[in-house]
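The data below hold one chain only, encoded as structure tokens and taken in the form predicted on its own.
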Amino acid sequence: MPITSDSTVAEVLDDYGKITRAELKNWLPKGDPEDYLYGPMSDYPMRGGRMFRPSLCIATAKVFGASLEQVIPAAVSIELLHNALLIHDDIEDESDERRGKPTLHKKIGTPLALNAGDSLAFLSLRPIIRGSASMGSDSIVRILEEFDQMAQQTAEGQALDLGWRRDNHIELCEADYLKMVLKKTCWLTTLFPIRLGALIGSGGRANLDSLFNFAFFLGAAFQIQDDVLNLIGNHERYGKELGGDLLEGKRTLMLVNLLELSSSSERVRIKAILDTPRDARSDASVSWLRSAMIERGCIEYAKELAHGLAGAASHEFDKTFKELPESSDKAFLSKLPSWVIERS
């Protein structure tokens, strides 16, 4: 797959991101209690971010025939839910940093942060339901069914991620990792935005299942690259604490690969490090894990798999979208597989 640094993706993400964020502000409540609820609810959405998910939904909907006005409510709903889950993820992962600033629970405490995350999640349904009123009751039901499927799959993926860490499970393989990523990452990040966009754009006529392979390969490549950036990325651009996945004991592809390549004594050492609570895990042990991944080629292995998945996504895009008319939005979607692995 040819790699390109074409500016198309960055420009579209910026344009659709600004549009989504401007509309999102109109949905964020204001009033009392501002300090305890409505201010915290606005915190993450106003920090920025790539706006990848809403842009993916908008572009897909337009490719299938929707106007920008028809799909904006769905894009806002996706971004609201994404930020709600980020608040919860940061609490579950005990993370210190999000988008270059302290995580919400570090700023205001876990109870208030949890409540703000819950409130954002509840709020996320409002734009999409109200914005879909003109589509008819059948379309609203289908949209809610898509929402329900995504919510269940995402919860299952998060449960696998958290459960493996709680039980210090190390008997994992690449297939286990990809199953977790399909559920935890792909359903919210790529499958739901693409399926929802196609549903809205086609008026319910599109075959949503035909989009599965493109969305899965794209989302998996996105997540693997994110895992790589957590180890070797540019801190200012990455926006989260470098090495945070090792501190949290996340079963990334690199860690799974390292365990597969390690001797019995090394596996005992790795398991002992992972069994240590985050706040007691030493910098030296985290540094050793990172060095071992580099020495064993685990990072290069992850990069190669991400490239392969991105190539597969490009192939699936060409096959699935070939009959749809050419447009700037179609060009944007076609360039996403290269973009996800070029990020730094």
Partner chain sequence: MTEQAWKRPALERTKPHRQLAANISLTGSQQSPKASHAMTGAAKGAQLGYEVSEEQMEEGKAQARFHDIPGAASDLFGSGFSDLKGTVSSENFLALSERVMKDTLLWVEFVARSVQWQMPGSKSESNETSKSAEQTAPAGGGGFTTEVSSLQPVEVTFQPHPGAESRSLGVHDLRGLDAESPAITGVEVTRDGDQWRLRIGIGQSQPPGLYTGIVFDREDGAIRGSLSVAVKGG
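Worth saying up front: this structure is predicted, and the values here are computed from it rather than measured. Positions refer to the first chain, counted from 1.
Only in words, not in the display: the form predicted together with the partner chain, which the text now covers.
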Worksheet, complete the sentence: From Arg267, Lys250, His88, Lys101: within 4.5 Å of the partner chain in the predicted complex by heavy atoms is Arg267
Response to the item:
Picking from Glu92, Asp96, Asp176, Asp118, the single residue whose non-hydrogen atoms come within 4.5 angstroms of the partner chain in the predicted complex is Asp176
Worksheet item: So in the predicted complex, does any heavy atom of Asn257 sit within 4.5 Å of the partner chain?
Response: yes
Worksheet item: Do Trp187 and the partner chain come within 4.5 Å of each other in the predicted complex, heavy atoms counted?
Response: yes
Worksheet item: Hey, in the predicted complex, does Asp43 get a heavy atom within 4.5 angstroms of the partner chain?
Response: no
Item to complete: Report yes if any heavy atom of Ser137 sits within 4.5 Å of a heavy atom of the partner chain in the predicted complex; otherwise report no.
Response: no
Discussion item. Whether Asp167, Phe321 and Ser334 jointly form a contact site for the partner chain in the predicted complex is the question; each needs a heavy atom within 4.5 Å.
Written reply: no
Discussion item. Using a 4.5 Å heavy atom cut-off, which of 47-55, 288-296, 28-36, 271-279 contacts the partner chain in the predicted complex?
Written reply: 288-296
Discussion item. Heavy atom within 4.5 Å of the partner chain in the predicted complex: which residues of 151-167 meet that condition, in order?
Written reply: Gln153
